[in-house]
Each structure stands twice: as structure tokens, then as C-alpha cells.
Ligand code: NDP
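In the block that follows, a single chain appears as C-alpha cells, in the form predicted on its own.
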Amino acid sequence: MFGLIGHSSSFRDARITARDLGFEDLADGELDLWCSAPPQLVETFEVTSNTGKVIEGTYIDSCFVPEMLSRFKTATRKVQNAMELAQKRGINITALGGFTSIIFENFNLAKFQQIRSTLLQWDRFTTGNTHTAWVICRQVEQNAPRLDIDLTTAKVAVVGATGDIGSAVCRWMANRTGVGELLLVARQQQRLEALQQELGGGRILSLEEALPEADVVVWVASLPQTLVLDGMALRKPCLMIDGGYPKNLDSKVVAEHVTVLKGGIVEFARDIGWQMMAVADMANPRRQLFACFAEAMLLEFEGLHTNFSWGRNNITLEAMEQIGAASLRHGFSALGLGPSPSPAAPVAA
């Protein structure tokens, strides 16, 4: 069995979801009540691969909401408690979705393996970042040509280039896609210089310098609430991949020549009998899901019960190729601007 640990995108949405699921106390409760609420195993469902293999999964709501980010102890406790619940349920491999992955990495929760009487087994968990990075790269490769953007001569800006996903995207773009030029944008100069040296190229620029030059912008950093983007100053055409969380880049850029695509989203070959994606603003919630969640499914399909994605800047090109091949084999396709490419035909079990 695989597991998915997630959360609602806001306190308001969380209360609505709680009421829909019959958790009336939570639905009526204030934020302080939610801060002390334990994780909830919301639903169990089956997923059938294009190979015919059927696996069972479960969704655990961590009862975390973004409004808790300023409360360090609360945020970390939410992630730890959800991981403990997953392990106690005997789940083989569990993906950390949304802010749960970010909290785990940024607060270095790997230092805290003991949760009450439970010693967390790290090989039961994955951040899902390897699959997310591969999917974002595939979205660039498949959709830039649809906008008449030639990637061999294009300038591709990666905002958040030194993060786990961002650095993996840079490696792939430089070594597999072969883009014209990489524009590296991040906050920490030392990490940028180390990445530039590793890549053997790429220009380090500020956000203000990079955006007007970029034919493609891959945004995998947090999007500041106060950020204002001048769509008219961007290239014509310009493809922007919103790989951050939450995905709200389209509300920041309004221009006919700028196309914003939700990054790190995949579509499965057939309906999945779950309810969870209905609250995640997916156009087709029965088939569309976050690539990080799909990584747990892929690892279960493949029988790879290990922390495939773990730590910062550990994603290799070989691992991206491996998870990408599994993604195609089992029936996932990257979300695109037009109809999704048809996955391989199902094979009888």
C-alpha cells in the first residue's frame, strides 16, 4: 500500500472539506483547535496501471493549513504526526505533499526520527521531488514548441534554481534538453555560484534582470504575496511554468502573449476513485494530481519501497530518467496546453 500526506490550501478550504467529510467539530473550530487536531486518514482507494497492476492507496490529511507556517512547533508537529500515522498503518511508501515536504526539508526534520514511541523509518517516505522535476522538464519540452519557442536557442530562467527541484530542472535542461541558455535566479549567491560551477555554465541574474530576457520561466520558488509582474515586459511569446505551491502565478501575470501552465501536475490514463483532488483545484480531479503524489504510486507499482527523493540537491539525471520511464509505462502524462499525449495502451493483467 502507498500513502499520500497532504493538506488543504487554506484554513477556509480546510473547514469546508471537514464539513463535507463529516468532521463537524473541526469544521466549526477556530485555528487553535486545528493546531491541536491529529492527522486523519480520510480515504482509501485503488489505482490500476496501464500494465494491469492494481495497487491500494490511502490519503492522510495532516490537518495542517498554510496559516500555521508562522508557528514553527505546530507546523513541524503536524508533519511528524502524519508520518507516524502512516508508518503505524504499515504503509510501504508515503509521499509528502504540498507544504509538508517543504516543512520537512526547511526545518531539517530528519534530525528528529523519534516521534513518541515510534522510530520513523526514512525509507518509507519520499518527497516526490524527483518525479516533480522530471514532469516540469517534460512540460517545458512538450509545450514550448507549441508556442513556437525553439528550446535550442531559447533562454530559460529557473526561479528558485538552487532548491531541490530547481537544481534538478537546471541539470536536466543543461544536459538533456540542451536549451540555448540557462538564467539562474535564487536568493543565496554562494549556492548560485556552486550550481553554476556544477553546470559548467548558466548566467546568474536577479529576478528583475532575468524575466525580460526569458523565453521560458520555470518558477519553483515561493511566490511573494506582494510580487507584481509586468506582463508587457516579458518576451513575446513567453511560457511560464508555475511549479511552486500554491499555484497562483496566473493571478500575477495578465498578458495575451504570456502562457502560464500549472507545473508538476500529471494526468492519469483512467479515473481514480478518490475525493481528495476535488479540493485541489484540478480541472479533472478524477485523473489529475500532483507529480509528488504520483511518485509514491510509481514506487508502489515498481516495488521500490525506498526514499527515492530525499534531502536537498540529491536528484540525479539517472533517477529522473528512471522515474520518468516508470511514469510513462504506468499511464501518467504531464499536464499540457492541449490534449494530453495518449499514454501507452493498457496491457492485460
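The model shown is predicted, which means the values in this text are computed figures rather than measured ones. The numbering used is simple: start at 1 and walk along the sequence shown.
There is another form of this protein, the form predicted in complex with this ligand, and it is not shown here; the text below is about that form.
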| property | result |
| --- | --- |
| Stretch in contact, per heavy atom within 4.5 angstroms of this ligand in the model of the complex, of 157 to 165, 171 to 179, 110 to 118, 140 to 148 | 157 to 165 |
| Answer option from K73, H257, R187, K88, heavy atom within 4.5 Å of this ligand in the model of the complex | R187 |
| Candidate from N248, Q196, S222, N92 lying within 4.5 Å of this ligand in the model of the complex - any heavy atom | S222 |
| Contact label in the model of the complex: M297 to this ligand, heavy atom within 4.5 Å | no |
| is_contact(K53, this ligand) in the model of the complex, heavy atom dist at most 4.5 Å | no |
| Contact test in the model of the complex: G202 vs this ligand, heavy atoms, 4.5 Å | no |
| This ligand contact at R312 in the model of the complex, heavy atom, 4.5 Å | yes |
| Contact set, 237 to 268 vs this ligand in the model of the complex - heavy atom within 4.5 angstroms | G243, G244, Y245, K247, G263, G264 |
